[in-house]
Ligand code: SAM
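First comes one chain, alone, set out as structure tokens in the form predicted alone.
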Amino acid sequence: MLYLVGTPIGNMKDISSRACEVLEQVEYIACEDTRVTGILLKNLGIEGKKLISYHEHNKVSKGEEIISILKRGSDVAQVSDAGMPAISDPGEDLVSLCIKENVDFTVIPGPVAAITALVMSGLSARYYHFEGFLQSSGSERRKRIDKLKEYDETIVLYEAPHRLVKLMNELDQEGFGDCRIALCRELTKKYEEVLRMTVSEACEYYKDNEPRGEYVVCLEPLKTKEAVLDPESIDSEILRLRDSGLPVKKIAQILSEDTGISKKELYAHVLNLLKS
């Protein structure tokens, strides 16, 4: 049996008694960093376990090794350095392998940084989008940040301290400047901190304050612009844009961005107006 075991995200007292029992009974423990897990096991008084290094860079070869161990009948626990396996963690690949190879697995629930931060953020927790870590750079990072503009629920991201200022500036440039944000660090630890402000205010704040520690960023969705044009003004603007040589689809897109009215609704209206 494979056990995916949630471990503390900071405060060691947050580990469950069930998680302790599983870590005590299994023969093997697959872990992101053997040193980090070694410290956890020492604090729990657990000894004699065979630790397998299993992380993003060796998940293919080590995943096959772990499956072989499981098929031989040995129990294996998989842990991340902190929090739940499979959440921004290669444990999700291990789960897929187990399903593919018909190997039994179960989950031992534990702390999750994203949910902890979401609850502490003060933003809406009814609906949320978990983005996790963005690509560190390049076109894929830009695509994902652009994609964030489409969500109408609280957005949860993970970010390293040396990229936090970059993220704040990128969000500001993409129109999130007036959106509320909660910057959560050192969660469950002695110096736990949650800063609540707007994205623009965060850009200013970090000009004088160096980010420290891993961050969970909870971001208010992009505010929908209120319609600023009455029907007659919209029609006049449609005709002006038409006369400038723009196609119907582009006219609908521009007006949607300016008014907050859906592109689909505006597209139909533009077509009807220009046909008349």
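As the structure is a prediction and not an experimental result, all values here were calculated from the model. We number the residues from 1 along the sequence you see.
Heads up, the form predicted together with ligand SAM isn't pictured, but that's what we're talking about next.
- Shown without its partner, this chain lists Ile155, Cys184, Ala202, Val76 as candidates; in the predicted complex, only Cys184 has a non-hydrogen atom within 4.5 angstroms of ligand SAM.
- For the residues Leu148, Val112, Leu167, Val95, the 4.5 Å heavy atom test against ligand SAM in the predicted complex is passed only by Val112.
- Proximity of Met84, Asp89 and Val216 to ligand SAM in the predicted complex is complete: all three residues have a non-hydrogen atom within 4.5 angstroms.
- Heavy atoms within 4.5 Å of ligand SAM in the predicted complex are found in exactly one of 119-127, 173-181, 156-164, 100-108, that being 156-164.
- Proximity of Arg142 to ligand SAM in the predicted complex: non-hydrogen atoms within 4.5 Å are absent; the residue sits far from the partner.
- Remark: Ile9 counts among the residues lining ligand SAM in the predicted complex, judged by a heavy atom distance of 4.5 Å or less.
- In the predicted complex, at least one heavy atom of Lys189 sits within 4.5 Å of a heavy atom of ligand SAM.
- None of the heavy atoms of Tyr206 is located within 4.5 Å of ligand SAM in the predicted complex.
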